[in-house]
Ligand code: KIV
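Shown below, as structure tokens, is a lone chain in the form predicted alone; questions about how it binds or moves come after it.
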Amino acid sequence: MPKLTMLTAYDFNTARALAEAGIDYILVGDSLAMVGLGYTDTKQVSLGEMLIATRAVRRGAPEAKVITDLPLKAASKKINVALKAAEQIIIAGANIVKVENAEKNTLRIINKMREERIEVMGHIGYTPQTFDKPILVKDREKLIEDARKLEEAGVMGIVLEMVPSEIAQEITEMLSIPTIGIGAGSATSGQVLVSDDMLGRYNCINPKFLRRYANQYGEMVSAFKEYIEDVKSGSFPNETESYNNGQMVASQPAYGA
């Protein structure tokens, strides 16, 4: 069976490119906090910020399967508050809401969401919202137990983040739902990365599991330097890049800065 593919997007244009490339799932991840908004961790992103990103992604990829993270600021509240947040995420354009960990309150939230027919994706292992320590082989029993609980709660799949590969394989073989790995080896049902990481656009961290497919940050710096040089030298804009008297300005697509 072909592996499932997932990458993140937080904006219209990245979503367009992912849809055109044929990605299986677009994740509006709470990694938006660090990658897109400059926060120090994923805990700080708000529901409002996640909703703005979800709407932008849906506009860019109208037919895509979109998954949006339930941010900690909503997930850590009362069940009805979390449910309301999940409903807003669906209204904003997501097909599925992703929820981290399998603790008692999280399972209650998932059960409530499933009662309301909201599709849910689970997430265990390294869960940045609540647990930011390395996952070790000694954590095997809890990981397996958590995966079983999530499947019983009705999630449509589970992200396994930085789970030792042998445990990830065991969980994948045990479950009847797909697993999506990130730093969890190749035996999972599919893989996910942060698009800005794999594009080299966000280069503040370099985790072991990351494979970079481009160096967009370096390309941006070079392009910006070239633009600055052209403006200062007077070579930009040239005659063809300037409007002349009598031209039909309104007939050409444009927008203001």
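Keep in mind that this is a model prediction, so the values were computed, not measured. One-based numbering along the sequence shown.
Beyond the structure shown, there is the form predicted together with 3-methyl-2-oxobutanoic acid, which is absent from this document and is the topic of what follows.
- Between 3-methyl-2-oxobutanoic acid and the residues 184, 109, 89, 159, the one pair within 4.5 Å by heavy atoms in the model of the complex involves 159.
- Looking at 199-207, 57-65, 217-225, 22-30, the stretch with residues near 3-methyl-2-oxobutanoic acid in the model of the complex, meaning non-hydrogen atoms within 4.5 angstroms, turns out to be 22-30.
- In the model of the complex, at least one heavy atom of residue 192 sits within 4.5 Å of a heavy atom of 3-methyl-2-oxobutanoic acid.
- Residues 98, 123 are the members of 97-131 with a non-hydrogen atom no more than 4.5 angstroms from 3-methyl-2-oxobutanoic acid in the model of the complex.
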